[in-house]
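This text opens with one protein chain seen in two forms, each one given by itself as structure tokens under the names structure 1 and structure 2.
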Structure 1
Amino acid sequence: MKILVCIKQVGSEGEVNRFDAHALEEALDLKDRFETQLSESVTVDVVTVGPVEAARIIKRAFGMGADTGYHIVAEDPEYVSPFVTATRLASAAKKRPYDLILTGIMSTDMMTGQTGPMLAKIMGLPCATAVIKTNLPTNDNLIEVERELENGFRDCLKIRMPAVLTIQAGINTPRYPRLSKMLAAGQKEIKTFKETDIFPEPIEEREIYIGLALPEKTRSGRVLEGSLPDKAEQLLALLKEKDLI
């Protein structure tokens, strides 16, 4: 079984995107369960798109237990279209016949949640988003997963592999890299590709970036007057007016 995990470098410190760390942990956990219960080998590869410095998160993934790392070197502006990112990732995902491709549900910087589903569409694969539980695949290449829905509901699906899963936070606790594996990570080769070598012509974006701004801070309050029963009635009317009850 072959699993590919898409990871992204985020933040001023250049750490692994939080949701991608959960995706990597889930891949490694599937590997542990698969090899223990079925005695069959599993490989876990990682791929990232980003500047030269992004290689550090691949080394961290090696320390956690990943087998092979792909790095598509691209110097990008602040915003990158999810379609562009998904197209880049698809170029790496097509290098081997992967059974599963895992991504975080979103990145903590852009928070669009679109890259995983777009990657699945580009590759023509089924996709399940917001996955909070995975089971071992069956002999007929079906994997059972649970998705998080609103109001505490869950959606249980059986998906035929190969497939793309976007992983929700809370599904697991990412392991710390082992010192021995971190030392060995320096000896592992990261397969590096320049974006211009893969895509001589720029990838056409599907979205137009107009601007990015933080929401304005507003502070407003309302003081309820009168006796305690009066305040209770006012509060009840206010909550109903706001459709909160």
Structure 2
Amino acid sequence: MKILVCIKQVGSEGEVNRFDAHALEEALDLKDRFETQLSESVTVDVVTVGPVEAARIIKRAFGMGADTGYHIVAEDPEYVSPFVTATRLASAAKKRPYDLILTGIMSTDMMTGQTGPMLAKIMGLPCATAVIKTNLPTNDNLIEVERELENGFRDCLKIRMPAVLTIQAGINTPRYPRLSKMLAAGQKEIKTFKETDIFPEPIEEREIYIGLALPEKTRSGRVLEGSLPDKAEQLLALLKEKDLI
């Protein structure tokens, strides 16, 4: 079985998007379960789209146990349409016949939650979002998963592979990279592609980015001033006044 995990670099420290870390862990865990129970080998590849520095999250993925890393190098402005990202990822996902493509439910920076399901649509694959549990695939290429709904509900689905799953937090605890694997990872080659080589014509952005703003306030937001004891005292007085304590 071949699994591809799409990961993204986020934040000022350039860490792996935490939902993608859960996706990678789930892929590696499926590999462990598969190889133990069915003694069939599984490969876990990772792909990222991002600037040159994003190579470090692929190295980290090697340290966790990923086999091959693809890096589509793209220096992007502040906004990239999820459609553009999904189109780029699809170019890597078509390189090998993957049975499963995993990614996080969303990125913590752009929070669209659209890249996974769009990638599925571009590739003509079925997709389940917010996956909170996976079972081992059966012989007839079906994988049973649970997706998280609201208020404690879950849908149990059987999905025919190849398929795309977007992974929700809470499904697992991502492992730390192992030093031995990190050292070995130094030898591993990251397969790097220039965005412009794959797509000589730029992919059309579907949305225009205007800017950022602070979210609207929904409550008065009175800030208690003073020292720590002052603040504690003010809160205590306020709660007493409202007869809450």
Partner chain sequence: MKQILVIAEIFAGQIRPITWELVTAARKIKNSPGLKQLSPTIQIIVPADNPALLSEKIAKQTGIDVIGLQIPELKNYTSEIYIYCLEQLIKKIDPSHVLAAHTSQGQDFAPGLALGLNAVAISGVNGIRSDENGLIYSRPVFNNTRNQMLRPASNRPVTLTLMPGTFKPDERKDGEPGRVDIRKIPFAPAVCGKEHIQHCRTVKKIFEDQTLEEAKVIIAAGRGIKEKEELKSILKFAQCFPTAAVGASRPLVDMNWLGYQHQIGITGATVAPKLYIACGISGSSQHLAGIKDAEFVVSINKNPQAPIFRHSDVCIIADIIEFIGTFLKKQEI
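Keep in mind the model is a prediction, meaning the values are calculated, not measured. If you superpose the two forms and keep the largest set of C-alpha atoms that fall within 1.5 Å, you have the rigid core. Here, residue number means position along structure 1's sequence, counting from 1.
> Out of structure 1 and structure 2, where do we see the form predicted together with its partner chain?
The chain shown as structure 2 is the form predicted together with its partner chain.
> Can a Cα shift of no less than 2 Å be assigned to residue 180 between structures 1 and 2, given superposition on the rigid core?
No, its C-alpha moves less than 2 Å.
> Taking the rigid core as the superposition reference, indicate whether the CA of residue 18 shifts 2 angstroms or more between structures 1 and 2.
Comparing the forms between structures 1 and 2, which are aligned on their rigid core, residue 18 does not shift its C-alpha by 2 Å or more.
> So with the rigid core superposed, the C-alpha of residue 227 shifts by how many Å between structures 1 and 2?
Value for residue 227 between structures 1 and 2: 32.2 Å of C-alpha shift.
> Provide the displacement, in Å, of the CA of residue 217 between structures 1 and 2, taking the core as the superposition reference.
Its C-alpha shift, to one decimal, is 4.3 Å.
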